[in-house]
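Below you'll find only one chain, the form predicted alone, shown as structure tokens.
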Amino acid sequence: MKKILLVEDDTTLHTIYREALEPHDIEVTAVTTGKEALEKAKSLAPDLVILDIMLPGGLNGFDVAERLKQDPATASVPLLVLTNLDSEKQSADAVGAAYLVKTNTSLDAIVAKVTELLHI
């Protein structure tokens, strides 16, 4: 089973993504803040991290991405930025993350991208 760390402050989306991904043998662990994400990424050793950009608590998704990439324990974990901000593709590219805009992407397309990034 593949493990995903979902960093998203909208808890309704936690349920939606979990229900869409679990049938693909993907375990979803969700957190709501950047601080939680950094802590959980070390203990979980996820196969993929999905990041929203706008997060409460002082760290945004790009802050988290940069710190994950700087830490040897998480540097090789693929990242997917999944946000409603359609102007951040360059920033996502700069941290080596795939990028999807939630409002422009169907749930099926999100699942397809996740399974592509996980090679399943």
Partner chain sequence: MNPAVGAVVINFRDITERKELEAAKDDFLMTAAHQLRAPLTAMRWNLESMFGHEIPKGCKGKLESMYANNQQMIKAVNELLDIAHIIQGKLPNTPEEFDLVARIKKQIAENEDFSKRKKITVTFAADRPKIPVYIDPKHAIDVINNLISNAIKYSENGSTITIGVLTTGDTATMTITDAGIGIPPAEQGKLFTKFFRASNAREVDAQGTGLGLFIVKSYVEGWGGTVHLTSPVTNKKGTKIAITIPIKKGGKI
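Everything numeric in this text was worked out from a predicted model, so none of it was measured. Residue numbers count along the first chain shown, from 1.
Absent from the display: the form predicted together with the partner chain. The rest refers to it.
Proximity of T32 to the partner chain in the predicted complex: non-hydrogen atoms within 4.5 Å are absent; the residue sits far from the partner. Taking the partner from elsewhere, L107 is found to have a heavy atom lying within 4.5 Å of the partner chain in the predicted complex. Put simply, V77 is far from the partner chain in the predicted complex: not one heavy atom of it is within 4.5 Å. Interface membership of V95, defined by any non-hydrogen atom within 4.5 Å of the partner chain in the predicted complex, is ruled out.
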